[in-house]
Each structure stands twice: as C-alpha cells, then as structure tokens.
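The same protein chain appears twice below, in two forms, each given on its own as structure tokens and labelled structure 1 and structure 2.
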Structure 1
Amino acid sequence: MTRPLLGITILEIDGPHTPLCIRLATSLAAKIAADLGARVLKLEPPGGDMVRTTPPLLPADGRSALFQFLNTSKRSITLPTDRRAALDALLAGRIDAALYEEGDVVAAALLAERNVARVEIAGWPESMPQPHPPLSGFTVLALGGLLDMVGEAHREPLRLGGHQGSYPAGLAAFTALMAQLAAKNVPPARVSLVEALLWVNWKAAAGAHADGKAPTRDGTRSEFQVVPCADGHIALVYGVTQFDAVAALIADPRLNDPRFATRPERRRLITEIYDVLKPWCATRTRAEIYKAAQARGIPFGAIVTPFELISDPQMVDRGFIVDMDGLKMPRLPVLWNGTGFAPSPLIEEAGR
C-alpha cells in the first residue's frame, strides 16, 4: 500500500519562543502527515525543540518518550541563529504546506510573502482581546470547561491524563492542513488550543444552552462510575435503556426494587444501586466482568494501563503497537485498505 501523502512536502516550523502546549499540537499534526507518507521537514529552533527534554524520559538513554512519539517519520533540521535566511532558502524549494506557531514573526512573514498554504497553531482564539495571558495545557483544560467535568462535585476539578489540552488542537491542525492541500488558494487556517478544546467539550455548552444549567462533574454521584474489582478497576458504563440488562447481569434481587424503575429515581438513589454493584464487582476479575457484560451488549470497560495495551489481544491482532527501533510505538489509528502505516524514527539532518 503506497502511503496516501507520498510526494507531498510539509514544513513543521518550530518557533523559538513557543510554549510547550502549543508545540505539542504542532508536532502531533505534522507527525500524522509524516506517518501518512508526507515528507515532513521539522525545523527546530536554535538549541533544539524543548520537547527533546520533556518527560516521560526513557530510562536507557534519557531520550524523551514524548518527543519520540510526536516526531516519527520526520526529518529534522536545526536552524541557525539567523532563522530568516535559512527559512527563506528552504521556502525557495517546493513546499506544499507549512505548520507554524503563533509569535513566530519570521515564519509568518516569509510564509505570507511566498503565499504558502499554511496553518498557524495558537493558544487563544483570535476573537479574544489582547494581551493573551500565558497558557499551559492545564489552563487550556480549565478554559475549555473540560476540567469542570471530571472528578468529584465538591473536590478539585481533575485533568484527564496525558496532554489533552494540546492534542485536540493537533488533530484539528492536521485536518486543517489536509484542507489546505485539497484545493488551490484555500485561505490560511488558524487553530487555537482553547477553541479546539471547547469544541471537543460541546456537550457542556449544549447542556447549558438547553437547560439553563451547566452539566458538571458528579463523580461518585454519577450513573457511570469506576469501581474496584478483584484485579483492578472496572468502569460501569451502560445505556439509559440498559438498566434492566445490568440488573439481569448482576442477578441481585435488590436491583429489582420498584423504586429503581425510572431513570430520575435511579439517579437519585444511585448510591444504593452502587452498594449492590460494588460487592459483585469486588469478587470478580476485570476480564470476567468485561466478558459477561459484553455478552449482554453492556459496554462496561476494564481499566487498562498503557503497558497492558501492548499485549492486549485486540491491539495485537490489529498490529496497533509496533516495534520502532526497540520502542513500543502506536501506529496511526487507521487501517488503510487493511494496512497499518508503521512509523519510522526521526532522521536528524545536519543543520543548515
């Protein structure tokens, strides 16, 4: 299978003063294009991309696992202090599109001058009055309303694991990049971390608009909860019409209580329901519970660690995690006519 973006050349222009949270989005977008076969030149600022030293670090050689993940299948060039001249020289060649970052005035000017198809990755929405306060991936989650949705009602709001303040913007930037390539003279695109996150969290806005009241985190008052089981944890997730199926699975007569007949009442009495569900889960393993639930079409989910994914039968069968130079590396989450695109290690070219 020939990779679909073969023959396309894309610049990832890493700015000299870009905050980490923006860089993670830029590099993710470019990585996806690179794994799809585009020739991606990653232009690092003098001194290199700060992600090279950002945790998690690999115990053997101290390299950053984050950097390895975000920069597969690219070629990297570290630009000299005079970025303008080096960048100008690169732009004289055939470049189909470029990703660049807010605040990189050199790249912005040169790309505009040459009218290169381009996507800018920024922190705040353009509509937000200046000056824009500093951002972190964590404050992006706060601004997009996602922090408010996770955790216990009366406790500190919780972030999701990983870099979810950045990655939705990275995916959006990839799609905007594809739109740039799809036709001639597409206007330049701009993606902001805050907008991408808010867009992902649309149900909070939809709920607030429909009900005049924001949905919010309700942790152990929620219908979906994570509970301990014999060998770990299980997420009890099911459809609003599936309570009877759940009751049949657990087969405890207390769940047939007529007080649990309607959803509003079940929500009110959720603690009593979980008092029945928890002991049942506690004596069974994740695999037993998951299997029994799936057999009834109930979408409970076993809590699986990133390490366990490496040997997960479904992941193994689909070849989702591949060996890349001794590292366990996820491939792009798509099979293209049945083929997965294995990522390859970053190639370091000499500086220019």
Structure 2
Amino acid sequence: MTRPLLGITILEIDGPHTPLCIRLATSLAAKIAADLGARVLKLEPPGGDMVRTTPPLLPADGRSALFQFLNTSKRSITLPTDRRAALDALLAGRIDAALYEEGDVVAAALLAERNVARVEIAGWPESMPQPHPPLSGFTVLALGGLLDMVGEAHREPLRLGGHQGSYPAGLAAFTALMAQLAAKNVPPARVSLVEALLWVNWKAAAGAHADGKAPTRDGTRSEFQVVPCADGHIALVYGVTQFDAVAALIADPRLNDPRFATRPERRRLITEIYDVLKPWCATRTRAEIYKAAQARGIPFGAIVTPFELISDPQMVDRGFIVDMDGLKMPRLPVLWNGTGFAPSPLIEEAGR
C-alpha cells in the first residue's frame, strides 16, 4: 500500500544543547510523518540524541524503550561538529520540510535560504515576559496548569506520568508541518510546549472564565475520582446530567436523597456520595463495573496496565499493537483505506 507521505523528505534537527522536553516533541512529530511514509532524516548531534539513554531501558540490551518508540521508520545521521557545513550539504538535495528548536540560528538561516517548509518548536509563548524559568518537562506542566489538577491541595504537586508536556506539542507540530507542506511559501510555523499544553488543559481556562477561578486539586473532594475495586481501580467519570443513571446503577437508596438533586449540592456533599460508591466498587471487578455502566451509557473507565493493553480484545481486533523487531509497539491510531501503518526500526548510519 502506498503511504500518504511517500516521496516527502523531512529533516528532524536537534542541537547538542536542545532540552529533552523539546527533543521529545520534535521526535514525536517526525515519527508520525515517518510512519505515514515520509523519508525522515534524524540529525543527531555528536555523541547522539540524549534520548538514547533516557529510561525506561529494555532489560535485554539496555536500549531506551522511549528512543525506540519515538524514532520508528526514520534514518539516523550523526552531524559532525561543523553543523553548518553538514546541513548545507544535506540541503543541496531535496528537502521538503524541517522540524527544529527555536533559536537554532544555523538551521533557521539555511532553511530560510532554500524556502523549506519548517516548524520551530519552542518552550515558551512568544508573549511570555523575560527572563524565562529553566525549561523542563516539569516547568511546562506547571505553567500549563496540569500540576494543579491532580492530587490533594495540601500536598506538593504530583508530576504526571509519561511526557505530557511534550507530546501535545509534537502533535501540534505535525499538524503545522502538514499545513506548511500544503500551503507552500508561508512563514515558518511556531509551536510552544506551554501553549500546546494550555490547549489540552482548556478546562482550566474555561473554569476560570465561568467561575472566576481555575479548577484546582480537590483530591478526595473531587467530583470524579479513581477508586479501588476488586481487581484494581476504576475511574468514576460521568456526565453532569447522568447522576440519576449512576444512582440507578448503584441501587442504594441513600443516593436518592433530595439533597443530591442539584450538581452544586452534590459537589458540596461529594464525600457522602463516595461513601456509597466506594463500597459498591470494592466488591466488583473492573470488567463487571465497566459492563454494567456501559449498559446505562455511563462512561466509567477501567484503569489498565500496559501489559493488559497488549492483550485487550479491542486492541487485538484493531491490530493496534504490532511487533517491531521483537518489541511490542503501538502503531498510529489511524487507518488509510482500511489499513493501518506498522512502524519499522530506525536505520542507523553506517559506523554508528
């Protein structure tokens, strides 16, 4: 099958001092393009991409699982110390687009000379006052508001798992790159990690607009919580108009108390509601709760592990988890004429 980006060549450029959080965003954007058929040249600094040694590491050979995931279907080239000459030589051939860190003046100048479609990936919004705090995945999460969404208000903020400060920017950068290729002869696009995360965390802005303050960490006073069940945990999430359906599912007369008739009162009395919900969940499995909730149109969600996802019937039926060079790897969650796009291993430059 012909992949939709076949024939497009893209440079993924990271400098020797590019922060990890920006490297991850750049790599994700380029990975999507590569799995869709683009010829992606991953240009690594001398010594290699720092993600090569970033945990988690595979027990068999010590390779970074994160690096393997982010760099499927690409070709790796290590640039010499003289980056300008090496980039100049590469740009003598056909290059359709490039992804690079804002502030990389060498890459920006050479790409501009050849009018290459390009996306700059930055940490901060252009409007953010100077000086900036040190850029990291943690500071991006803090400024994007996500550190104030999870956990108890009296505790220190909890860092979210994974790289949720970088991946939304990677998705936005891929979208911007496709727009650049489609439009032609337009100024370079700019994506910042903080702005991408603010878009993901839109409820904070919407809450501030509606209530005069952004939602914050409520912990055990949250309206929607993750609670223990017989074989793990379940997320009790439902629409604001679905409380009656939840009460019918639990079938405990205490939930029919007139005090719970309005959402403001339910939020005020949330501890009493969970005093009913938690014991009901504790005696049932995730599958039992999920099935019963689905029958009533309630979106309760089971908390599953990566190992469980590999054998999940829906994932198996859709062929979402594929084998790549002995690794279980998720493919892009899209179909093209009914077919998915399995990733392939990174091709290393000879002598690496």
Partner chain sequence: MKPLSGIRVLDFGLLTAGANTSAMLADLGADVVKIESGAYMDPFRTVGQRDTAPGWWNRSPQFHFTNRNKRGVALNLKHAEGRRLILELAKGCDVVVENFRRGVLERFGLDYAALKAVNPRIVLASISSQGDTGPNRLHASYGSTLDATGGMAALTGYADDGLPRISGMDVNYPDQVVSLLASGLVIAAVMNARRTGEGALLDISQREIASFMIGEEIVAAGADPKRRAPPRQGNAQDGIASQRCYRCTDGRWVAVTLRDANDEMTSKRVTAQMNLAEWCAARGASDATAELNAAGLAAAVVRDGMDLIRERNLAGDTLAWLPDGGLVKGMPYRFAGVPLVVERRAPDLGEHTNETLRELLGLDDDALAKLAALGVTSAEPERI
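Everything numeric in this text was worked out from a predicted model, so none of it was measured. Here, residue number means position along structure 1's sequence, counting from 1. By rigid core we mean the largest C-alpha set that fits within 1.5 Å across both forms.
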These are two forms of one chain. I'd like to know which is the form predicted in complex with the partner chain.
1
Is residue 89 one of the residues whose Cα moves 2 Å or more between structures 1 and 2, with the core superposed?
no
Residue 251 C-alpha moves between structures 1 and 2 by 2 Å or more, core aligned:
no
If I superpose the two forms on their rigid core, does the C-alpha of residue 188 end up displaced by 2 Å or more between structures 1 and 2?
no
Shift in Å of the residue 209 Cα between structures 1 and 2 [rigid core superposition]:
2.5
